[in-house]
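Quick heads-up: it's one chain on its own, the form predicted on its own, in structure tokens.
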């Protein structure tokens, strides 16, 4: 179990979850990146920037 950094909701992570994986909060819809497993930690996932064909 881990807490959403945006809204504080409790999120479940299973044993197949890996560091670097993206999960979505079911309450607020925030995309979170798993940054640790022992203890479970997440942070707001970085947003991809548009390259506009450059």
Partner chain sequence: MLRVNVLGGSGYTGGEVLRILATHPMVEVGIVTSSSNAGKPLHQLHPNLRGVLDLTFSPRERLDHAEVLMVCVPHGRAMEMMPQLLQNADKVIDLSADHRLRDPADYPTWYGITHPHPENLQRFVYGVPELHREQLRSATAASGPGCMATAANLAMLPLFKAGLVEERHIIVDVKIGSSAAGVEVNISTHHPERANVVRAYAPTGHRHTAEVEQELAPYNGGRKPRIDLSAHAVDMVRGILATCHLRPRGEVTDKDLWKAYRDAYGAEPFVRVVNQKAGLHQLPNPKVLLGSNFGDVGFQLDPRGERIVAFGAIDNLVKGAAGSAVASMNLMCGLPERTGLEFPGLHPV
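Every value quoted in this text rests on a predicted model; they were computed, and no experiment measured them. Positions refer to the first chain, counted from 1.
Keep in mind that the form predicted together with its partner chain is missing from the display, and what follows is about it.
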| query | Can you check whether residue 12 is within 4.5 Å of its partner chain in the model of the complex, heavy atom basis? | reply | no
| request: Please run the contact check for residue 30 against its partner chain in the model of the complex: heavy atoms, 4.5 angstroms, yes or no? | output: yes
| request: Determine whether any heavy atom of residue 2 comes within 4.5 Å of a heavy atom of its partner chain in the model of the complex, and answer yes or no. | output: no
